[in-house]
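Shown next as structure tokens: one chain only, the form predicted on its own.
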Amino acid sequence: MTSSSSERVHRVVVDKRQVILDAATRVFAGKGYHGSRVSDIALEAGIAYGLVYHYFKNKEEILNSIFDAQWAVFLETVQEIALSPEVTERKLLAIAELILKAHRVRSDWVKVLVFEIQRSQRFAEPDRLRAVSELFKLVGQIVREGQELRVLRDDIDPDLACAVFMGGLDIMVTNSVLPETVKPSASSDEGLRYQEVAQAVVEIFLGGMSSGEASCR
């Protein structure tokens, strides 16, 4: 087989795997992991049932592959933000926007991540914990950098500050993926609304809720 032929075969394999993963993401988001069958994924992907098993040995491997592929892309973006020359506030704002906008851009993947992985025993698996710890390391790096530059308080443990920041975003994303709790947008531009929410999160994290006018009692 020539190199060009080999490349074409590899491209077909990768493309077919991605078609299956995209279909599985939609199915898992709609029916839940336990309520979904491989046949549902095949139907959604528009392929033969048996072909799914040519690329994945079972449903669990499909779910793991969804996490691994999307998380790698997500972490790469976070790393670019952390290493950028932007000031601390802009970096935190970029992280917040990235996480909050993920619900709008890939709401199906966010549902799978939150309900089928994060809220399950799968999240406690060593590989999963290592992958998530990389996210916290990168955000913690931004916090430490801010402390060194004196733009963030240095009397607070950076890991604790990171946990508070990420925990707040996690709660907001979890709230957003629950249909019954989604609030109507105050703006017709949904993208702008997510930017405004991200800005509010960062401002609360950096400055707290004090108006600066409260007197000591």
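Rigid core (definition): largest C-alpha set, two forms, superposition within 1.5 Å. All residue numbers are counted from 1 along the displayed sequence. The structure presented is a predicted model; accordingly, all values stated were derived computationally and were not measured.
Not on display, but discussed next: the form predicted together with the DNA.
With respect to the DNA in the predicted bound form, the three residues F115, S120 and M166 uniformly fall beyond 4.5 angstroms at the level of their nearest heavy atom.
Within this chain, L149 is remote from the site of the DNA in the predicted bound form, having no heavy atom within 4.5 Å. In the predicted bound form, the DNA lies farther than 4.5 Å from every heavy atom of R26. Contact check for K16: a non-hydrogen atom falls within 4.5 Å of the DNA in the predicted bound form. At a distance threshold of 4.5 angstroms between non-hydrogen atoms, R37 is in contact with the DNA in the predicted bound form. Of the candidates L51, I171, L192, L160, L51 is the one whose heavy atoms come within 4.5 Å of the DNA in the predicted bound form; the others do not.
Residues K57, N58, K59 are the members of 57-71 with a non-hydrogen atom no more than 4.5 angstroms from the DNA in the predicted bound form. In the core-superposed comparison between this form and the one not shown, the C-alpha atom of I47 has shifted by at least 2 angstroms.
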